[in-house]
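To begin, one chain is listed below as structure tokens, in the form predicted alone.
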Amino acid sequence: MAEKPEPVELTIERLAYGGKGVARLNGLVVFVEATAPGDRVRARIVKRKQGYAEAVATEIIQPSPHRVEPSCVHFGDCGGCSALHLAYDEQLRQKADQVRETLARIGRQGDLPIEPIQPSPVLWRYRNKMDFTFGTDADGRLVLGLHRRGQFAGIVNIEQCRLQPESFDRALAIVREFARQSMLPAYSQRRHEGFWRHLILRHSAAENRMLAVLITASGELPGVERLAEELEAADIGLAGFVWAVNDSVADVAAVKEKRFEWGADSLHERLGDLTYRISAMSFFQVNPAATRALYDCVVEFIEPNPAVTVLDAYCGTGSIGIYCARHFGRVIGIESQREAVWDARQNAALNDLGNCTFLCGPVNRMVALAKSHAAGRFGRVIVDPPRGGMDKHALAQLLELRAPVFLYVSCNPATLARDVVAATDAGYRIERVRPFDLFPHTPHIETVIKFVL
């Protein structure tokens, strides 16, 4: 039997993107989960790779001055919040440093001036959408919550989450109890069998109402009407409920076929004086209070010009393009999700914006069609891709448009830095960078970069 490695003492220097502490041991970079900058810890090396190691802290010898008491009983188990043990000003400093370090190391932008990170105006109950997963605990009991930290199959049973509206806490409890009484099993991601899969909750701060989407594997669901009635009677502002099935093996909350629908299929949210229609499954920024500052930055960076046509790629429900539309001659958006495009078109109509066109399809297949709709050159390009970054072929096509201003809104510094290389190699230079914290207490960071030719 192999002996366990001797514990080592480490001083945490900073946080890496993703939330792990970074220390050095005889020149070797060591990543340590659930630590804070300034911690002195005793740790055990659990994995060695070429150039770095991973360790688990077994004892905090001297705590960091930036530590605070985590305000959630699920902290440490739940994979949602990784920074609840850090004071908020230190969270901001670490996130700003991560953007700077990632753009320097991966993006080859070592001397880039980065503007101060913009904090979220609210720190709690800010999320307007949550995706929950069903699972089974060690005693075989059905649970409903969020993935355990570092696990793809383990689920933490969430009784309360301080990032979501309180109405979500109540909805979780009702659906969990209904599922337990059904005696049907949770879906197992390891065995690819079972029934209960996901619950999606979406909230509108403007209306104080919510949508619920229950996703299961195929099969009968006796009493689903009763579940909808119970949620409505719970005084949680339920506007609509959907039961849908998904038999895909992928652990993704997706609607393949709707089996039962009750009430509304969308909500309305406001950003400034604009109204947005949002379907349950469409993308919309999860922190509306911070989103307005982000979109004001987009308008500032993109240089309004009523004679110019804007291309809004990965436009989702059209939120950014519509926010900019009054400052430009025309906005053309591209989005692959059909439901989101339908929302975007209705959003333009809701706000009396006749200068917006939204096209449905993958960006790399739709740029040529967008050009034909523009009947000329795009003066501005905005991209807001998913966390995985941009498809390289789509990025190449967008850069080939040679728009004088190319604006990149990113939720992942690593994929942003990778795409920065492609943009600068294509002849663009970075003029401004401003990070935003739309996700307090989590490792996620939003960044806006302005490229110019």
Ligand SMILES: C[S@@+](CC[C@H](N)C(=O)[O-])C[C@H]1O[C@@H](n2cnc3c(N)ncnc32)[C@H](O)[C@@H]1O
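Don't overthink the numbering: it's just position in the shown sequence, from 1. Just so it is clear, the structure is predicted and the values come from calculations on it, not from any experiment.
Quick note: we don't show the form predicted together with the named molecule, though the next part is all about it.
Student: With the named molecule left out of view, choose which of 363, 227, 163, 146 has a non-hydrogen atom within 4.5 angstroms of it in the predicted bound form.
Tutor: Contact with the named molecule in the predicted bound form is made by 363 alone.
Student: Pick from 378, 328, 284, 323: which residue has any heavy atom within 4.5 angstroms of the named molecule in the predicted bound form?
Tutor: None of the other options qualify; the answer is 284.
Student: Examine residue 135 and determine whether its closest non-hydrogen atom to the named molecule in the predicted bound form is within 4.5 angstroms.
Tutor: Residue-level check for residue 135: no, no contact with the named molecule.
Student: Going by a heavy atom distance of 4.5 Å, is residue 344 a contact of the named molecule in the predicted bound form?
Tutor: No, residue 344 stays farther than 4.5 Å from the named molecule in the predicted bound form.
Student: Heavy atom to heavy atom, is residue 314 within 4.5 Å of the named molecule in the predicted bound form?
Tutor: Contact with the named molecule, yes.
Student: When the contact criterion is heavy atoms within 4.5 Å, does residue 39 count as touching the named molecule in the predicted bound form?
Tutor: Residue 39: no, not in contact with the named molecule in the predicted bound form.
Student: Heavy atoms within 4.5 Å of the named molecule in the predicted bound form: which stretch in 257 to 265, 155 to 163, 138 to 146, 332 to 340 meets that?
Tutor: Among the candidates, contact is made by 332 to 340.
Student: What residues of 381 to 414, in sequence order, lie within 4.5 Å of the named molecule in the predicted bound form by heavy atom?
Tutor: Result: 384, 385, 386.
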